[in-house]
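There is one chain below, alone, in structure tokens, taken in the form predicted alone.
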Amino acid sequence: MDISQLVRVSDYEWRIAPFGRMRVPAVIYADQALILEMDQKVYEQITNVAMLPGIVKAAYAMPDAHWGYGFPIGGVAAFDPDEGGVISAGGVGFDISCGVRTLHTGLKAEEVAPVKQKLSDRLFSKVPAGMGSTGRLHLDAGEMDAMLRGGAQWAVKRGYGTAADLERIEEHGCMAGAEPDKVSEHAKHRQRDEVGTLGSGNHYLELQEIAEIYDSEVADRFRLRQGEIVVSIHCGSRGLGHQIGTEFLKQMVIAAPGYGIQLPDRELACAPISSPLGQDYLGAMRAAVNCALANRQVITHLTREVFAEILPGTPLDLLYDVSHNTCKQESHAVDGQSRRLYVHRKGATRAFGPGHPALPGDLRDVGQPVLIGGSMGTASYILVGTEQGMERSFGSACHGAGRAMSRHQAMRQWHGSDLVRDLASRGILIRSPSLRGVAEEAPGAYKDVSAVVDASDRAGLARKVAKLTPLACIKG
């Protein structure tokens, strides 16, 4: 990115004053090195977002921002429906409610080491992964709609987990306002055999060691102890979410002129929140959120079954589950006034600070666990939401490392088999049905997740609590 186009507010905040049709400024949170790594498209896309009707305060880009469809990945924007605010399918993304959940094992690394390979093999066998992967659940029309309405609550009622899990899931495991009848039959058809599967791309199930603690007080409240093992699951709404995004983007492009919306970029297709099309998309998107929550809940159950076989008595209690491709109606203070806004987070993680009523009662005074997934073979992080972050980015933080090169570029540079051997030599087991998929997700294809997390911490978006290093990774 051309740094001369930005005004430096601090070492970790950069501002673009409104110009042309921009209604609000654009703000990028990153250090100078990360800014220089960002492609120029991030600048173009975040300033385009700032042109959309009803946008409030600013358009934000997180430290892991990179080019996306319409919105940059790592983009955050809030819209007021009373001021003609819009909902954008491109501002949510295609993998609706892609997110991360982390489970406690209570086990030390040395207790897991003797069975690490067996655990990896059984998890790979038990949890379907890869492009087009299907699971053991087959949903008929009635069950499909029940899942889309109920999310993780639907899964728990059917024996996949416990009620205690729901207290540690965003939205208590079920997004209100889901409307399965707004989801096409084609989208439902794509999902009928995919609940309980990881899919492909950067999704994974990973055994991780808590390698470092940065905030011992918060870590104690999160039950994170150095040297213990956790399990993290990263996946979303699979084919259903992608189909919803594809279909509504087309509809929004066609409808925009009729709503008097002049799009700065066709990929920013949107509709007024209060319009019939906007409401239809919200109903379908919320159903996809529930699909993702159900998906991660079923995968959690399968993971628990494997641990029960190999390491009986392992609790696998849920620390938290949070998504990073959503649009949600939330209350935020703007110019000293509380306003109900529709907050788009595309490749950005919700990071609510202490005292927020949406948080579990036993964590409310601490703040929300913010789960940041690394790329294959690199560290992941757990942060905590802050009051500063609520003010600076509508309670949002980064979601991962962010790609530094395309999947095609990665495939030209790395071979999957070489990566598997290299990571194994470092004590990291990879299990994947696709060596091509491994090459596409090479660690070198991503930015430095530690630098991204440090920038989020120092910008005040969320505070570092713990660093996790991988021991085994089940990948699509």
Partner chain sequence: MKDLYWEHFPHQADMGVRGVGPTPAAAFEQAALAMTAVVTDPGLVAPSESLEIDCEAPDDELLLADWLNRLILEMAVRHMLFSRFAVVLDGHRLHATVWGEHVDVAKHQPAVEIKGATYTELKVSRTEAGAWLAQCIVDV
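Residue numbers count along the first chain shown, from 1. Bear in mind that the values here come from a model prediction, so they are computed numbers and not experimental data.
Keep in mind the form predicted together with its partner chain is missing from the figure; the text below concerns it.
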My question is simply whether M131 lines the interface with its partner chain in the predicted bound form - judged by any non-hydrogen atom within 4.5 Å. yes
query = Does any heavy atom of L277 come within 4.5 Å of a heavy atom of its partner chain in the predicted bound form?
reply = no
Proximity of S434 to its partner chain in the predicted bound form, heavy atoms at 4.5 Å: yes
I'd like to know whether E330 contacts its partner chain in the predicted bound form, with contact meaning heavy atoms within 4.5 angstroms.
no
Answer key: of S216, S406, Q117, Q388, within 4.5 Å of its partner chain in the predicted bound form (heavy atoms) is S406
Of A211, A163, A358, I254, the only residue with a heavy atom within 4.5 Å of its partner chain in the predicted bound form is I254
Which of 59 to 67, 28 to 36, 421 to 429, 46 to 54 lies within 4.5 Å of its partner chain in the predicted bound form, heavy atoms considered? The stretch 59 to 67
query = All three of R158, E170 and V370 touching its partner chain in the predicted bound form at 4.5 Å, heavy atom to heavy atom?
reply = no
When its partner chain is considered in the predicted bound form, the residues of 241 to 260 having a heavy atom within 4.5 Å of it are H242, Q243, T246, L249, K250, V253, I254
